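One chain comes next, on its own, written out as structure tokens in the form predicted on its own.
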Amino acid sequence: MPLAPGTVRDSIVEFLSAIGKDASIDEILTAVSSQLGHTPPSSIRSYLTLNTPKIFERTGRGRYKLNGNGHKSAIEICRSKPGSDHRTVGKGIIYHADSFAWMANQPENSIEAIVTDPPYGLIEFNDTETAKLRAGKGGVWRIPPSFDGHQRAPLPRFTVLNDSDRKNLHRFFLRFGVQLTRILVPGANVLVASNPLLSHIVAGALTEGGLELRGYISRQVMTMRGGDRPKNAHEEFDGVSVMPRSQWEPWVMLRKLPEGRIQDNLRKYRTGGFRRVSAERPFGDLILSHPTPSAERKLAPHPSLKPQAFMRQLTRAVLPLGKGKILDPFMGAGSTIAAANAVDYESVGVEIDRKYFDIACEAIPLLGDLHTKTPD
């Protein structure tokens, strides 16, 4: 079936807008073909030639980038196609796509930071478990009881994972680490939300994939995990908690190895450290946090939504000079992209679930405009 007029051009515009720099014809061809299917190289060359210099700028032999008008055109293209798989939301661009397929088509050394909350149990977001979650019962998700008059959000039961699940988890994050090592610039920070029961698997697999483990950021927040008495024996063992009540959430902190000295890496790639909170105060690895406010959950109904007050602190810190692009390859309802907009950073989000992608399209501007208060 023939493509509609302008389809190839629009795909080129969206790709160059997403990477924010020039690319070779081969790189452009790979990106366009991944979106539209097989595309003749002659079509790519024709569209580039016909739209230069109006939209595209030739930067060298066989290399092109968007000029100023081209960037504006990319925004208008995304906004004019509300049902498309690409949207521009503030300074962010979001994609409805499989994150691994999307990352495979990105150039090397093209992303400056990662902030993401992946499906680290894997099974909790497959089609079967997602359907049970949306139905409000059954499966790996549990609905915790109300607490202090507040209804709590669903929580995944990570204690039910077996050896096979944990091996799959390791393979998933090993594959993720390999992809990140390729597309990140040297010195780029990687922050990955995890769980006290699984963070060692996540950290180990990502380091095997080529990243360097730098420690953990502790989000100090009261959760509903743990603290329960023995099941079906709560009266007999009234003074026992099977597990401590969890009061923190680990974020695995890694980076791609820098090139040479940090000062040289900062000059070349603008990466290699964290942005200080102020001249007197460095960024710290313990961050006080409240549970996600109900007002934010109403704007972006996703079971793993993190609060903007917390996400903005992380997002601001990962680009040490305040320059570059942040990627969230497991975007969910868009809290990372909203936080990036709030701190005036460029970002890219990728989400495979169409329902959550559509939620993110609407929620990101609303979340980004919220006034938040950091806990004392």
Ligand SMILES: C[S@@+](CC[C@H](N)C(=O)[O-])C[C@H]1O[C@@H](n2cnc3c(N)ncnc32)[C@H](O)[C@@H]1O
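Since this is a predicted model, take the numbers as computed values, not measurements. In this text, residue numbers run from 1 along the sequence as written.
A second form of this protein, the form predicted in complex with this ligand, is not displayed here; the remarks below concern that form.
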*Heavy atoms, 4.5 Å, this ligand in the predicted complex: which of 51-59, 324-332, 38-46, 340-348 makes the cut? Say which one.*
324-332
*Given that this ligand is left out here, which of F283, W248, Y216, F100 has a heavy atom within 4.5 Å of it in the predicted complex?*
F100
*Which pick from G177, G273, P258, P118 sits with a heavy atom within 4.5 Å of this ligand in the predicted complex?*
P118
*Look up in the predicted complex whether I25 has a non-hydrogen atom within 4.5 angstroms of this ligand, and give yes or no.*
no
*Please run the contact check for S304 against this ligand in the predicted complex: heavy atoms, 4.5 angstroms, yes or no?*
yes
*Give a yes/no on whether Y356 approaches this ligand to within 4.5 Å in the predicted complex, heavy atoms considered.*
yes
*asked:* With the partner left out here, check for me: in the predicted complex, does some heavy atom of I352 sit within 4.5 Å of this ligand?
replied: yes
